[in-house]
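A single chain comes next, written as structure tokens; it is the form predicted on its own.
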Amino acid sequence: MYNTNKTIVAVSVAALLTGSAFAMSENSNGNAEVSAKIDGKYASNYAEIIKNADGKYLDKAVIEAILGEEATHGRNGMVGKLDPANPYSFEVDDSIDGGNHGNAQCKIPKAFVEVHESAAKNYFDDDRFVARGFGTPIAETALEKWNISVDGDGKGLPDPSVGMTIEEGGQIYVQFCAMCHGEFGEGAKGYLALAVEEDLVTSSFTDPAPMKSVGNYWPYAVTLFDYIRRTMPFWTPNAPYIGDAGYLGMAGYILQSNYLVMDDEGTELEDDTFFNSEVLMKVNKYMPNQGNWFCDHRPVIHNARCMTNCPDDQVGWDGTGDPTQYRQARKLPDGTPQYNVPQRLHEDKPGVGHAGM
């Protein structure tokens, strides 16, 4: 995946495997099969294979050398990665990644952790960097402004004393966000809505794609705050004149616009609610779509593109070979545009809050 010269890697892996096979054939203890594979499935010398491939543990040739072609791709590959003995398993020991973070399929594979020292030779000491006329190293004081990461558990959030009421946050939102996202998050000027009462579950494959918004799609309230502070407004993100209090207020207003709650009783955010990091964490627990996110561990499949003389089963939405049989994703089954499509494509008539503003 990260290799720019896969031929060299493939050759080095092949040479390594040849040497490994020869060494095992000379094993006098008669236990060559056991030493060759872990549980008869995975190359026991996988760390050595990776190191000889310059640490490129995600290279296709390296993975196939360790797991075998049959256990790398497709259904076999997906099932195999649920086996903790697999060097590429999604379920490694908690001690490797600091504990169970809620989804075992997201854990760091042994194939990476056990060869991490390979990265050391690619490390360069920035203190000794010389720009040589091509710019200058960024100063630590400049970096401090962007040291604002917020974890999913709330680590990095502003002090609870920082914040403002939802009503005040709404005023800041209208000033800096409404021209693109609408005063109530309904979407404007070609940008998607932030607050839409629409279910993401459809009853048919032919239904138009539902509109995703903060309430029905976004998994964590804390990352909403992190995102808008880091990227918005797009012309001046992390604006000092908005500050942490203002960004919290904007996040609170967006969450209120989606009718999100902050306790088991279903208490919604009110205009006079002082929205700070503590309230943000309360809402974070009740994001409706949070439990529907998962790590996609399906294998990456590369199919050859078919541009001419394609088989019938690849042509037309029902696979009958009719090239005129297709549906525009931007239109509903009756031919009318989906919600907000004209605005997003700048086809709407001039008017305040839209493309012609």
Ligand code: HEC
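Sequential numbering from 1, following the sequence displayed. Computed from a prediction, not measured in an experiment: that's the story for all the values here.
This protein has a second form, the form predicted together with the named molecule, left out of what is shown; the following refers to that one.
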Looking at 144 to 152, 265 to 273, 278 to 286, 233 to 241, which lies within 4.5 angstroms of the named molecule in the model of the complex, counting heavy atoms? 233 to 241
Check residue 166 for me: does it contact the named molecule in the model of the complex (non-hydrogen atoms, 4.5 angstroms)? no
I'd like to know if residue 88 sits close to the named molecule in the model of the complex, meaning any non-hydrogen atom pair within 4.5 angstroms. no
Would residue 228 count as a contact of the named molecule in the model of the complex, using a 4.5 angstroms cut-off between non-hydrogen atoms? yes
Distance check, residue 218 to the named molecule in the model of the complex, heavy atom within 4.5 Å: yes
Which of these residues, 177, 111, 260, 222, gets a heavy atom within 4.5 Å of the named molecule in the model of the complex? 177
Selected contact from 245, 115, 192, 71, since only one has a non-hydrogen atom within 4.5 angstroms of the named molecule in the model of the complex: 192
Any residue of 248 to 277 with a heavy atom within 4.5 Å of the named molecule in the model of the complex counts; write them all down in order. 250, 254
